[in-house]
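One chain is shown next in structure tokens, namely the form predicted on its own.
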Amino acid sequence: MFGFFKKIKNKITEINSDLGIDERNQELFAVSALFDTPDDIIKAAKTLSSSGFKKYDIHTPYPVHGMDDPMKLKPSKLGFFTFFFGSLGTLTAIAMIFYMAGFDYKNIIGGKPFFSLPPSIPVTFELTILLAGAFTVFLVLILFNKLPLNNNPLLDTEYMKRVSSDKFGAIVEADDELFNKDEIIRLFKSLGSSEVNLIYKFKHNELTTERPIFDFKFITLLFLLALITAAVTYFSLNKLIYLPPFNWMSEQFKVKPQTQSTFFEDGYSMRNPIEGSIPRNELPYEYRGLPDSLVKYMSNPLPVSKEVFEKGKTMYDIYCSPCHGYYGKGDSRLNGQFPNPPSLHTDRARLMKDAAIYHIITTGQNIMPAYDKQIPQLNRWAIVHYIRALQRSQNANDGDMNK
């Protein structure tokens, strides 16, 4: 394996030699200087900017705080691009979710609106971060750093090796209007530079160099690298994580739904509640299995109050309105996919006892399922209060109108 990569390195060196990439001419690119401390490089930056130089740069092995002011750097425009593409991601996500949920594939979920902002926030956040991050990196590489051009004369110099590890550096390019080689060398030495050098340009011009991207060997190398990457990824995600000691999460002792159990004698992993046990905060319902006409002797434990009506309305809109309609008229919003229930404003429904309505909500009736598992006990009574308010609002008499 190491021999294979060594051959690749040698091949790259050979190509560079053929193209003249490693050879430099006598055209001066810049004067460089190395400094030993952050204070020295800040002083050098302040001197260069105050002297009127425009085409100069500072290189440090780590970010030096407070460098912006000495260099008189203007605020970067990159933030505006990031904000623009982040906003584009936000608007794209909201428009996508609005179209999918509100027009293309409507899901009726317990009276909830087709499009709601709170559950859309996670996807919106992800797309905002994705577009902002991806385009920021793209702009940094392509627009600001002018890649993929890689013939900057600073590359492969002793100067760049030092400022990437333990030194601080400054350069003044020969294209600067105030450039004078001898004066800049004297300036750097007067600032306490430990080493001043001249950097020359490469012989070749990358803009006119033919890139051997369609070379058979180059394409073969890319294919082999892609194959190795895919193999390592497949092994890591499909084999390695299932081997000790990486499998401690997936191989732990636990019971999964719908699987056979070796712990219980009957072999079932899903267990029924213990006979006679009562769920916390719940009372056993003694009228289960009886028709609603026989359930008469329970009274609503909740008072008639604004808070109770609000709770009843919320529960009704979620669980009842998809079939019964928002006003209890039996005008289902299921578009014929489920039989419409009778209106809650019939004489039979209005003359029912509160206990009978509560009984139907709890145990179900005909094709209506039981809601005792979905709706807590007191919330069922709140729904009964709200149904009574709906019935009275749709069947008001003269006495109600005068109140």
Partner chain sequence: MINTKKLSNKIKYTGTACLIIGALLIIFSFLFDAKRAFYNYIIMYTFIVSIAVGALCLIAIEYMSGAAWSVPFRRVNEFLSSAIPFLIILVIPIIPGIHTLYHWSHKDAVDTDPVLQGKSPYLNETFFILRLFICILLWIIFYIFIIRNSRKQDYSKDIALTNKNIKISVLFAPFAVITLTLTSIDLIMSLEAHWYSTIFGIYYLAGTLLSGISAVTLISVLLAQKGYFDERIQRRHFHTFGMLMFALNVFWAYIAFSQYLLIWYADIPEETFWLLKRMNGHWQYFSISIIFIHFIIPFIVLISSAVKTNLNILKFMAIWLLAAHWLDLYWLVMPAFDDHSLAIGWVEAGFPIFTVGIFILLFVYKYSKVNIIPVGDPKLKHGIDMFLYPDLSID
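In this text the structure is predicted, and so the values were computed from the model without any measurement. Positions refer to the first chain, counted from 1.
The next section is about a form of this same protein that is not shown, the form predicted together with the partner chain.
The contact residue chosen from 273, 267, 122, 279 relative to the partner chain in the predicted bound form is 122, the criterion being a non-hydrogen atom within 4.5 angstroms.
Only one of 34, 42, 361, 31 lies close to the partner chain in the predicted bound form, with a heavy atom inside 4.5 Å, and it is 42.
The partner is not drawn, yet in the predicted bound form one stretch among 59 to 67, 341 to 349, 23 to 31, 364 to 372 has residues with heavy atoms inside 4.5 Å of the partner chain: 59 to 67. Using a 4.5 Å cut-off to the partner chain in the predicted bound form, not one of 239, 330 and 336 places a heavy atom inside that distance.
Not displayed here, the partner chain is kept clear of residue 257 by more than 4.5 Å at the level of heavy atoms in the predicted bound form.
A residue is said to contact a partner when one of its heavy atoms sits within 4.5 Å of a partner heavy atom; residue 376 fails this definition for the partner chain in the predicted bound form, lying far away.
Using a 4.5 angstroms threshold between heavy atoms, residue 112 counts as touching the partner chain in the predicted bound form. By the criterion of a heavy atom within 4.5 Å, residue 116 is counted among the residues contacting the partner chain in the predicted bound form.
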